[in-house]
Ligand code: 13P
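Next up is one chain by itself, shown in structure tokens, the form predicted on its own.
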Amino acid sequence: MKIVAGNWKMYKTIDEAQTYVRQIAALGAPQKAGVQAILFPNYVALGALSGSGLVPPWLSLGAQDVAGEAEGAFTGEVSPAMIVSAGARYALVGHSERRHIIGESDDLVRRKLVNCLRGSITPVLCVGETIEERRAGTMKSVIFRQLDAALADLTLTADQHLLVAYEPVWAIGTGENATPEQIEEAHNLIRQHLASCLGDSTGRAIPLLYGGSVKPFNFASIVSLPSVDGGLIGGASLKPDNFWELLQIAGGC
């Protein structure tokens, strides 16, 4: 199974989101089985899409963030129950922009991840290093710290699921991509550490996505790597034709 996840970030009004979904639905489902498509709209568009009847059955929805609490006096926050009621099954947790621009701590990321699992949402845990950390030779320790903090004392039950996305921060929106060797190195480290944190069978079954300036022209070389189970894609997911092309590429790998 290959996963193609599109993160719209802070783009698309309700009308734009609905037009996009109409167009992607008209293009049809992925031509080959074994491809899972997920879109992460903003909260406003997410709520509008779920009740529109426009989303085809082969396309899943997710939220770009989630609160670290189940409910309460937390102005502006959105709980797992609210996300589920909007028709979403997934939520991004610890995205690099949340960590490095908004300033989310490792502890907050962990609380959000646990809250997702308790609320019947599959979290997509994002980890990755900055260019300064890579140049300093601390890529491994940074990723392990992020994984350890998020997964501390965690045991996944049979009905709970987790995805992990490796985002080298220096390759997001820069046009620069990690080399196949760099991706394989990072993903293999993540895989080994997941097995260490969660047990061998569980850790080795968690899908690993790559996110970092993924485009249709380079996706085949990325998604065909042995360690890559799919992509977390930003700008290239904003046009339905591009997203559909990414789905076809994943289906051919």
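In case it trips you up, residue 1 is the first one in the sequence shown, and so on. What you see is a predicted model, and the numbers here were worked out from it, not measured in a lab.
Quick note: we don't show the form predicted in complex with this ligand, though the next part is all about it.
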Which of 165 to 173, 108 to 116, 72 to 80, 150 to 158 lies within 4.5 Å of this ligand in the predicted bound form, heavy atoms considered? The stretch 165 to 173
If we test each of V214, A63, A186, A45 for a heavy atom within 4.5 Å of this ligand in the predicted bound form, the one that passes is V214
- prompt: Applying a 4.5 Å heavy atom distance criterion, does P240 contact this ligand in the predicted bound form?
  reply: no
| query | Would R22 show up as a contact with this ligand in the predicted bound form if we use heavy atoms at 4.5 Å? | reply | no
**Asked** in the predicted bound form, does E97 have a heavy atom within 4.5 Å of this ligand?
**Response** yes
When this ligand is considered in the predicted bound form, the residues of 224 to 253 having a heavy atom within 4.5 Å of it are L232, I233, G234, G235
